[in-house]
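Next up: a single chain in structure tokens, the form predicted alone.
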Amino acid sequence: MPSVVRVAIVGAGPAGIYSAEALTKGAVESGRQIEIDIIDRVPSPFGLVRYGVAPDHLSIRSVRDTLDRVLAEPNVRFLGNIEVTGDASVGVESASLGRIGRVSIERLRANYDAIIFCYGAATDRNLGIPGENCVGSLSATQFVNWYTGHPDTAPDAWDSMLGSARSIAVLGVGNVAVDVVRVLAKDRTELEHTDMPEHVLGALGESVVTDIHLIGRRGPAEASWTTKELRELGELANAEVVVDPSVLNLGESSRRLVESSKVVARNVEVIRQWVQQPPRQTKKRIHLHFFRRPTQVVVVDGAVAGVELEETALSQDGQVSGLGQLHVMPVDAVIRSVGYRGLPIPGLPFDDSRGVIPHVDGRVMEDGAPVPGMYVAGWIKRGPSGIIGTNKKDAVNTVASVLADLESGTLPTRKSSEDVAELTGSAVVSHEGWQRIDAAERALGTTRSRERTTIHDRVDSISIATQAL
């Protein structure tokens, strides 16, 4: 076993950074020297904390300050703007201002004693219905990436939609769907305090959207949103919530949920209060629709003209079924929010049915046996579930397996000790480079009387990160 253990972590979101924290603690406790490289394809760290949590949820986004302290540990390096690929023929490709560096899994295996894959669930689940990929139908992932300033999303990606769509259907009743609805329903003045890029605030400020339809297959008791996020919809300055009172005629399975869960009871009570409140004269309206499932996106001349919905009902055991009664809701755009999904890296074992890397206690499994030196943590390990803090316990579990294998001598011996940062070129973003981006965002924010403004452009970020001190 080498005197210095080298570990690569693929993904700089909470799971990856918590894995580095657990490894660092393990190194101190065992007296071993463990060097950790956290690799991410974007120039900035923090994953969904930066590019998934809604910008107006400032307290949740502030967890990045805690995560940043791990990146400052002397045995930890952040290597941004590098993509890990399963294409062994790539080997290594250098990064430049406008280009992402690439390194193959095989090259990583040759240069590290262990690899922990923590790259999350980066895409959305498909509905599998006709028309869902037409112009004006997009995923919540795409929209969230845009309003959080993800570098892979064009600044004007949804300007046309926001400037022409008066009614939008949001399919799904989870917290991400609620985030999307809230952002669409807020005026620019309600978002000025956030770190949204200026082009996002501008487009939302010019939005002509007046009606947002939030649609779920089941009833209000079965929705997966949390009470805090749900209540926020009723606290908007210029939008009212509209609900058909009949949705509160709960069936047997729904009543059991209300009786057994305080959270469900609170959620139903919030909706009951909205039903009872008098109408408000607001510029925008949020319509909640339950017991409806989409069967197709109606397309006219290649663009969204509506969404066809089938009425549904719940059985006594809570199973949903269609009633065969269809109607078309005229809308100008559709945003699908039915869950995240992990993607495979070619050559890496993958469970396509679940969208995860198969594992046992964090050890990557193939043909019923662990792959030596290969581990997994976070959403790509367990699926998109839990809160940010869930990833900490999950990472500790995986790192326990890494440390156990280290102690038992079952980790493979690396063949070389090449430096991935040097191999992939001068446009790799270090932690010091991220700190320069962070400082530039804070400086930009002060010009608009807020804490920061996100710099979305990859070239701009890398230019700031790699400039001479």
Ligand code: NAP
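No experiment lies behind these values; they were computed from the predicted model shown. Each residue number is its position in the shown sequence, starting from 1.
There is another form of this protein, the form predicted in complex with the ligand, and it is not shown here; the text below is about that form.
Partner contacts here mean any heavy atom within 4.5 Å of the ligand in the model of the complex, and among 257-265, 327-335, 149-157, 167-175 they occur only in 167-175. Among heavy atoms of Val28, none comes within 4.5 Å of the ligand in the model of the complex. Shown alone here, Ile60 lies within 4.5 Å of the ligand in the model of the complex, counting heavy atoms only. Asp195 falls outside the set of residues with a heavy atom inside 4.5 Å of the ligand in the model of the complex. Taking non-hydrogen atoms only, Glu240 never approaches the ligand to within 4.5 angstroms in the model of the complex.
Only one of Gly339, Gly251, Gly355, Gly202 lies close to the ligand in the model of the complex, with a heavy atom inside 4.5 Å, and it is Gly339. Checking Gly386, Gly322, Gly86, Gly163 against the ligand in the model of the complex, a heavy atom within 4.5 Å turns up for just one residue: Gly386. Here the marked residues Asp113, Pro349 and Ser401 all miss the ligand in the model of the complex; none has a heavy atom within 4.5 angstroms. Taking the ligand as positioned in the model of the complex, the residues of 106-143 that bring a heavy atom within 4.5 Å of it are, in sequence order, Arg125, Leu127.
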